[in-house]
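The form predicted on its own is given below as one chain in structure tokens.
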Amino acid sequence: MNAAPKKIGADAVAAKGWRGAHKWLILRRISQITILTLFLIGPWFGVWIVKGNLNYSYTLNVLPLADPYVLLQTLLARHLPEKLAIIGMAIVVVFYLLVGGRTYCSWVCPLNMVTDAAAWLRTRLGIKGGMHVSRSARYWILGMTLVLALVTGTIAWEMANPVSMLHRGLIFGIGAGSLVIALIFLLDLLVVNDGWCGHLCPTGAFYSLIGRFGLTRVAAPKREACNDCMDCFAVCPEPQVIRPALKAVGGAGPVILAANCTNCGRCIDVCSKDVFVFGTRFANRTEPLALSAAVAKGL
């Protein structure tokens, strides 16, 4: 009789305890819920700490923040943004150059909680495989949204953007947008693993372009300790980014430099050997994995 398959992250829970094996996931949820709450307590309770939405906001009547993706669409639609929006865009771009562009996807975007829930349920139900969709599809969709703005003279994509629809629905009441959110949940659950965030979302594609130059990076400085449990690959929404750094493919250093890494920290959480840490893009070495192991053993 075959033994039951090992639960993903079980070794990490045994080594670090449940909280230690979910630390970055817990912090992400706190970040996402806090940001969403700051937006909602204004229209819900009249406490206006943050005014606006994820496209443009004004915090404490002092700090403007603007989504550079939306402002790019605005410019292509031949509309000149206001000065505060331009300042807000610059602040956001500088911030994501420091922490990594796709940090938006895992630490800010409220839709991430929906897609993570689908991924969790997919694992629990043992759903395997699914339709093949190229991860480059999101860049084609990104390009189409920009062309749409240029041709129509509007930021038409924002009317259909699931993130914007979810945000509007929470403020004004869930309506037709709930169908779009449900379809994305079912897409990730039944059709394509990490289908929306990992294959189709143009917002994530845009922030990956900024993230290409991000300072903060996940690294695998103890990659010689890897026991090939594959848990990091199982939980990563962009598993293709892990292998070069973890396995020194082509002599790659231990820092994950791929633009589509979301800096979610789940690989750090589920690794019982503490192979992964947060660091900077400059903490990279290029010696092969075999040499790293030899040095670690004092050979």
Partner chain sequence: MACGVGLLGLGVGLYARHASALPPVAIRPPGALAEKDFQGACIRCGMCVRDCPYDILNLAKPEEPITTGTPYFVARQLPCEMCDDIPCVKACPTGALDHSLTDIGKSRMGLAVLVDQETCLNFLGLRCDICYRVCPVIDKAITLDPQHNERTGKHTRFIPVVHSDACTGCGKCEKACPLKVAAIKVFPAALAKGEANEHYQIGWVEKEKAGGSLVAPDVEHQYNLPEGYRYEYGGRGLVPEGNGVPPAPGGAPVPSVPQAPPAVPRALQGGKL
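Being a predicted model, the structure only gives us computed values, none of them experimental. Positions refer to the first chain, counted from 1.
Unshown form predicted in complex with the partner chain; subsequent notes refer to it.
Asker: Of the residues Ala119, Ile181, Ala85, Ile210, which one places a heavy atom within 4.5 Å of the partner chain in the predicted complex?
Answerer: If I apply the 4.5 Å criterion carefully, the residue I get is Ala85.
Asker: What is the one choice in Val92, Leu146, Leu189, Met165 with a heavy atom within 4.5 Å of the partner chain in the predicted complex?
Answerer: Checking each option against the partner chain in the predicted complex, the one that comes within 4.5 Å is Met165.
Asker: Using heavy atoms and a 4.5 Å limit, would one call Ile256 a contact residue for the partner chain in the predicted complex?
Answerer: Close contact is absent here: in the predicted complex, Ile256 is far from the partner chain, nothing within 4.5 Å, heavy atoms only.
Asker: Using 4.5 Å between non-hydrogen atoms, is Pro43 touching the partner chain in the predicted complex?
Answerer: So Pro43 counts as contacting the partner chain.
Asker: Would Val218 sit within 4.5 Å of the partner chain in the predicted complex, counting heavy atoms only?
Answerer: Taking the distances in the predicted complex, the answer for Val218 is no, it never comes within 4.5 Å of the partner chain.
Asker: Looking in the predicted complex, any heavy atom of Gln32 within 4.5 Å of the partner chain?
Answerer: Contact with the partner chain, no.
Asker: Quick one: find which of 222-230, 93-101, 133-141, 106-114 has residues within 4.5 Å of the partner chain in the predicted complex by heavy atom distance.
Answerer: Heavy atoms within 4.5 Å of the partner chain in the predicted complex occur in 133-141.
Asker: Does the partner chain come within 4.5 Å of a heavy atom in each of His22, Ile268 and Phe282 in the predicted complex?
Answerer: Result no, not one residue of the spot touches the partner chain.
Asker: Could you list which residues of 36-71 come within 4.5 Å of the partner chain in the predicted complex, counting heavy atoms only?
Answerer: Residues within 4.5 Å: Pro43, Trp48, Lys51, Gly52, Asn53, Asn55, Tyr56, Tyr58, Val70, Leu71.
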